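Listed next as structure tokens is one chain, alone, in the form predicted alone.
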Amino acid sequence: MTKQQANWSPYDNNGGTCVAIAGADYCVIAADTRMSTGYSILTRDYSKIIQLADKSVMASSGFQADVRALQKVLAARHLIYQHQHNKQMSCPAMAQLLSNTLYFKRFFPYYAFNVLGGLDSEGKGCVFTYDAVGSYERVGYSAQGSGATLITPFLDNQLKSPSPLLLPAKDAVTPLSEIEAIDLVKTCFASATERDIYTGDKVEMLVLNASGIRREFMELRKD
């Protein structure tokens, strides 16, 4: 008789897709609202986006229990920063904090794939993309999650980001206007929803610019 081994994992993948695009004076961050496990949909209305500071927003896919734990740690660290410095954390500073927080847990990682977006000290849009253990890079656009393999080639084709190896270094911002970027994000999700069963129901978009933060929604396929 063969011995049966219990195959338990502390992790799950709840699916979903996150996209961010940085422009000259704006940043668009979007994520769908479906949360799944296996072939089951747990909820159709779960926000994967959190505002960490006045000019910093994070979207996360992966294991949503770990994402929620990570969000709580970042909120606590940001509160300590505010008490010590009497100001909000900038987006590049929040990017470094997120990297440090993920790297600290590298031997039992948060199973979370994050994209952080916002405005830097000059008012330019910035997007930072991460792996699960804190390696990060400032880019002009990024996609994470179950639909990232479908959306990234499309964004590469439409936006053609300059290589970080080119000298002199070029700004990693997209040439699109804010309205064009929002339309591009909507097209990304409408397309990914057709092919990825873990992306769907609704897309939530946050637009950051000099006048503040605006939230928009668009319905996606429910099947």
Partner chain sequence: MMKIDFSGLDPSMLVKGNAEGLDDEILAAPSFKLPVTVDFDGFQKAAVQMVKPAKGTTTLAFIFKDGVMVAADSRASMGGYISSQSVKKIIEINPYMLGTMAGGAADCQFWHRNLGIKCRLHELANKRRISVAGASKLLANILYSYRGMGLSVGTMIAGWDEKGPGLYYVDSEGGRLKGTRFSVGSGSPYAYGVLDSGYRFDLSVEEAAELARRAIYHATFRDGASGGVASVYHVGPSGWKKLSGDDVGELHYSYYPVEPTTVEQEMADVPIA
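Positions refer to the first chain, counted from 1. What you see is a predicted model, and the numbers here were worked out from it, not measured in a lab.
Another form exists, predicted in complex with its partner chain; not displayed. Remarks below refer to it.
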Does residue 163 make contact with its partner chain in the predicted bound form, using a 4.5 Å heavy atom cut-off?
yes
Counting only non-hydrogen atoms and a 4.5 angstroms cut-off, does residue 75 reach its partner chain in the predicted bound form?
no
Should residue 99 be classed as touching its partner chain in the predicted bound form when contacts are defined as heavy atoms within 4.5 Å?
yes
Is there a non-hydrogen atom of residue 212 within 4.5 angstroms of a non-hydrogen atom of its partner chain in the predicted bound form?
no
Using heavy atoms only and a 4.5 Å cut-off, decide whether all three of 109, 113 and 149 touch its partner chain in the predicted bound form.
yes
Residues in 123-156 with any heavy atom within 4.5 Å of its partner chain in the predicted bound form
131, 132, 133, 134, 135, 136, 137, 139, 148, 149, 152
